[in-house]
Ligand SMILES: NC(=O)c1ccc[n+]([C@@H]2O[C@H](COP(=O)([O-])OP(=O)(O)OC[C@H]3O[C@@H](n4cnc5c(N)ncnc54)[C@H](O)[C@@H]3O)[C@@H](O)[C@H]2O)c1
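Let's start with one chain on its own, the form predicted alone, as structure tokens.
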């Protein structure tokens, strides 16, 4: 399968790239290196030299760049890690967090729609649950984010849910 990984130069993204490549998938990474580094992708190449990772430096908010990448790579699925991730910083820079985490997700979905790619795995966060009502958290736990970061993740989850429903109903 051809899989596009956003934020693939970050910690979780780079580990995911290694596993996907080891399993024989064709993999491309999109990253603007704000939370990752090209060095991480070089290391992925060392760990899986036969993998042939395709790397693209781009911001997921740049829908035109994403369109070009989708035209070149033609992914069958996307794993979406790209985004800002610091709870404290999100309170200091709320507009930036909404822009990157929410607008970036919208941009990605637009590119996926134009390319006919309907499979996505989203890396959310337990911060969408807020203060625990019960432990351990399960997906039945009430959603009550308490930070800007948590709100952006919750909004992205809702957008993805609505997008999936619309795609299903269109069939």
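Positions refer to the first chain, counted from 1. Fair warning: this is a prediction, and the values are worked out from it, not measured in the lab.
Missing here is the form predicted together with the named molecule; even so, the following discussion is about that form.
A.B. asks: Any idea which of 43-51, 135-143, 107-115, 59-67 reaches within 4.5 Å of the named molecule in the predicted bound form, heavy atoms considered?
C.D. replies: Every other range fails; the passing one is 59-67.
A.B. asks: Check residue 9 for me: does it contact the named molecule in the predicted bound form (non-hydrogen atoms, 4.5 angstroms)?
C.D. replies: Contact check for residue 9: yes, within 4.5 Å of the named molecule in the predicted bound form.
A.B. asks: Could you confirm whether residue 129 comes within 4.5 Å of the named molecule in the predicted bound form, counting heavy atoms only?
C.D. replies: No, residue 129 is distant from the partner.
A.B. asks: Verify the contact flag for residue 79: yes if a non-hydrogen atom of it lies within 4.5 Å of a non-hydrogen atom of the named molecule in the predicted bound form, no if not.
C.D. replies: Output for residue 79 is no: heavy atoms all beyond 4.5 Å of the named molecule.
A.B. asks: Looking in the predicted bound form, any heavy atom of residue 13 within 4.5 Å of the named molecule?
C.D. replies: Contact with the named molecule, yes.
A.B. asks: From first to last in sequence, which residues of 117-141 have any non-hydrogen atom within 4.5 angstroms of the named molecule in the predicted bound form?
C.D. replies: 123, 124, 125 sit within 4.5 Å of the partner.
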